[in-house]
Every structure is written in structure tokens, then in C-alpha cells.
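Given as C-alpha cells, the chain that follows is alone and in the form predicted alone.
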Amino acid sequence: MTDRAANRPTAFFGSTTPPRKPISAPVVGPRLSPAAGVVVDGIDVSLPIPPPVKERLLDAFRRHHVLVFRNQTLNREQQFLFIANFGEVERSRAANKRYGVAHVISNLGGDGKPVDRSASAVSNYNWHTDKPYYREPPMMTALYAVEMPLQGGDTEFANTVMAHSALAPDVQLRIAGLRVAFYWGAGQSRSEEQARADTGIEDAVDHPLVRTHPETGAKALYLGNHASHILGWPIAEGRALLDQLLAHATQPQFVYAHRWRVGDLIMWDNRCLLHRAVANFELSTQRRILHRVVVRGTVPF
């Protein structure tokens, strides 16, 4: 029996069910697409994981960038505790978010009914990487599917290491060393003043357009919906280049599309992926609810 509201198992008085034991050898499946993704079986992420399992998962994370755990049953505290194995979990700055646990990502309005926000300049339906407007953007994000449309509601991931590798050598040389200014919603022509008012973040930050993955050494494009302009370039010229590179990086051969099932937990590498929600369902009538946890990263270089 499951308490759906709390999204956690309901215990029966006097139950004789033996306690579950952690699985010590998770099974990493075949690559889901050339761009990214593997399914990890044989692990209940609501339970503590021993160090060898953590190391196996981190190795798969570095190699495949997106890990998918099917058929999980998690409350938000359990999700937080599992993801905290991989680094410091960021606390949300928003006053209406729960402190210290996974917070809700949904298409619901204040009245609890679905709302179509896909046309918003700052919606998750635009290609982006999480929080690049931080000095230390997150290294990992994890989403848990609580309620999903019967069809659609996918999330797409674009591999920006593959995209950088596919650029012509002269283009790679041209963009090496360039730095991009980021602030929330910048890619959709929001002003810095609007961004400050909405987020409380005082200044734009800048990061390398081509960042180096701190663990693998791979070069990856770093851009997306929150990228404003290229430092030292005319604004229009810099934005044109960013648009061209974004179009290149999100071509189908660089993209893995995740088809959600309720109970999926996925974790992905923000340092080498862009992502977006896909508006391929009836946004104004069907509910899409996920819980998110974000792990702090380091300053890009």
C-alpha cells in the first residue's frame, strides 16, 4: 500500500515483512543513446549505499552523463539523502521552497491546476544548464517523477562535449578563451535589472564558453538560455555566435530524450549537458510533477 499524498510506503501494524537490504552490485545497462544515458538496475536508492556502490555510480555518471533509476519509491527526504552521497546539496533560495530537501518542479498554478508556461522567456522549455549565473554552478541535478502525463512530458539532454568535438578546428580555435556573461533569463532578452529583481542576484557572472570538465578533462560548450553575451565582443555579434553554437549543440545526433515513467529518478551532469522540458503534452490540462535536488559544483575553468 502506498500513501500517494506523501509519496512514501505506508507501514502496517504488525507487518512481518523483513527489512530490505541494499544491493551491493548495481547493474549498469547499455547506452540509451549515442549522446547520453544508461539505466541502473538492482538498487533501491531509498536505502544507504556502501562506498563501492557510490564509486560504481560515479564512474557510470562520468562516462554516460545521465543515470536512470526505474521504479523507485521516494519521499523528498530520501531523495535528498541519496543525492547527498555525491556532494553538497544546494538549498533553494526561494522563500516558498522547503529548506534542505527536494523541491517541487511542476506545471501547476497557484490554484493547483495545470498551466501552460511553455511560451515564457524563462521557462524550463528552453535549452539551458542549471544555474550558470552562479559563481559555482551545480555539477549535478536529480529529478524524481511523481506525476506525469500519460504520454509526453519528456526531458531532452544535449551533449555539449560531443557538440564541441564536432566543430571545425578553426571554429574551436576561434572560440577558445572566450568568456560568456550569464544572468537569469538573459538568453530571452531579459534585462539585468529584471533578473536582479526576480532572483536577488546582484551581478552577472562570466564563465568560459568552452569549459573543461574537472574530472574527465573533456572540453564542453557552456551556453544556453541564461547566456547573455560574449565579453569584449559587440553585443549583437556575440549573441549571434551564441545562437549559432546553441543550434549546433542541440542537433538530434547530440540529444538523448528521456521518456518519463512515474517512479523514475534521473541524475545528470550539468557540466557537459544542456537540457529542456518538452511541451509534447496538453500542458493546460495534464499534470507534470517532479522533485528536484541540485548538487553544488565548482567554478568553471
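One rule holds for the numbers: they count along the sequence shown, beginning at 1. These figures come from a predicted structure and were not determined experimentally.
Separately, the form predicted in complex with ligand OGA exists; it is not shown, and the next lines address it.
Here the chain stands alone, but in the model of the complex its contact with ligand OGA, taken as any heavy atom within 4.5 Å, falls in 152-160 among 165-173, 206-214, 83-91, 152-160.
When you look in the model of the complex, the only residue of V115, A218, I105, L178 with a non-hydrogen atom within 4.5 Å of ligand OGA is I105. Taking a 4.5 Å heavy atom cutoff to ligand OGA in the model of the complex, the contact residue among V122, M140, V146, L143 is L143. Each of H128, R288 and R292 is positioned with at least one heavy atom within 4.5 Å of ligand OGA in the model of the complex. Ligand OGA is not shown here, but in the model of the complex it comes within 4.5 Å of a heavy atom of A277.
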